[in-house]
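Shown next as structure tokens: one chain only, the form predicted on its own.
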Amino acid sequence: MRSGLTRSIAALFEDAHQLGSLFGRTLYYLLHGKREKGSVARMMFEVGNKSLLFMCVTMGFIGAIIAFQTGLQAKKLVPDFSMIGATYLKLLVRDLAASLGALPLATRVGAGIAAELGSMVVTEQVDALRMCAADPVDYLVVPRFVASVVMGTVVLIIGGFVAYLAGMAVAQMVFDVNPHTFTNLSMVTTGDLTLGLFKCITYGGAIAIVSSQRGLATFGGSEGVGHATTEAVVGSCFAIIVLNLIISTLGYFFVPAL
């Protein structure tokens, strides 16, 4: 049992080392690379446009559930609902829109990246790139990283807005809160916006790096591609949770919630 635990810890550190190495190479080629023209725009369409409807529907339901449960609990403590919209918006901007939205985004984007790169590995397209003296990180990972950071952030912001509208509708229909009362920006600070935006950017980059690493590490045939896709989704979700803990802890000290 102890040897099994040791192997698991060693594998975890090895994965962390590979992710760090891939991230460093991605940043290098982001500045010095010669990737295919138009590849970033194509990846932006794949990550952004094709994820928008899924994200809006998902965040709409999540926003409605959170507003409903928040209203139920608040009703037991205070009869006044005048600040429920301000509190809800602060939670959404500071953490919930990015952290909750990134999880379904990881299933959509992460699975797609891992499956695509994994298929290229097993069909020897990645080996062909290396034979042509082209680094797969430059041609395959960097466009997906840029697209995931930029369009992932945009999609998460739009998803947060949809969640807020869904929460407003629930508050009006269930708790009779006027939309003008619910639309209260008094509790949102610049620090909240900065922290929420930083989380969106970080999560987008983490999804691309984790999924690309698992995709490029694929071996075997179609079974290996399926295994890599599963690991990419699980790893991306785990990375989001860990990063949320780290960023939220730092935010507590440097960008406190007032």
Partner chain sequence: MIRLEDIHKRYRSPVLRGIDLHVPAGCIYALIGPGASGKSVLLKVVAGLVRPERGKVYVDGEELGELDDLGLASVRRKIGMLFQNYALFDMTVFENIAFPLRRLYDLPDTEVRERVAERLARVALPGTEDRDPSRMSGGQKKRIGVARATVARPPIVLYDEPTAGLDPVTSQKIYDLIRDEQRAQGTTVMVISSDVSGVLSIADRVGMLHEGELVFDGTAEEARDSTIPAVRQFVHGLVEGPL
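What you are looking at is a predicted structure, and each value in this text was computed from that prediction instead of being measured. Positions refer to the first chain, counted from 1.
In what follows, reference is made to the form predicted together with the partner chain, a form of this protein that is not presented.
Chemist: Is it true that 17, 194 and 198, all three, sit within 4.5 Å of the partner chain in the model of the complex, judged by heavy atoms?
Modeler: Negative, none of the three is within 4.5 Å.
Chemist: Are any of the heavy atoms in residue 139 no more than 4.5 Å from a heavy atom of the partner chain in the model of the complex?
Modeler: Residue 139 belongs to the contact set for the partner chain.
Chemist: Taking 4.5 angstroms as the cut-off for heavy atoms, does residue 185 touch the partner chain in the model of the complex?
Modeler: Taking the distances in the model of the complex, the answer for residue 185 is no, it never comes within 4.5 Å of the partner chain.
Chemist: At the 4.5 Å heavy atom threshold, is residue 149 in contact with the partner chain in the model of the complex?
Modeler: So residue 149 does not count as contacting the partner chain.
Chemist: Although the partner isn't part of this model, could you tell me whether residue 129 comes within 4.5 Å of the partner chain in the model of the complex, counting any heavy atom of the residue?
Modeler: Answer yes; at least one heavy atom of residue 129 falls within 4.5 Å of the partner chain in the model of the complex.
Chemist: Relative to the partner chain in the model of the complex, which residues of 24-49 have a heavy atom no more than 4.5 Å away?
Modeler: Going through 24-49 in order - heavy atoms within 4.5 Å of the partner chain in the model of the complex - the hits are 25, 28, 29, 34, 36.
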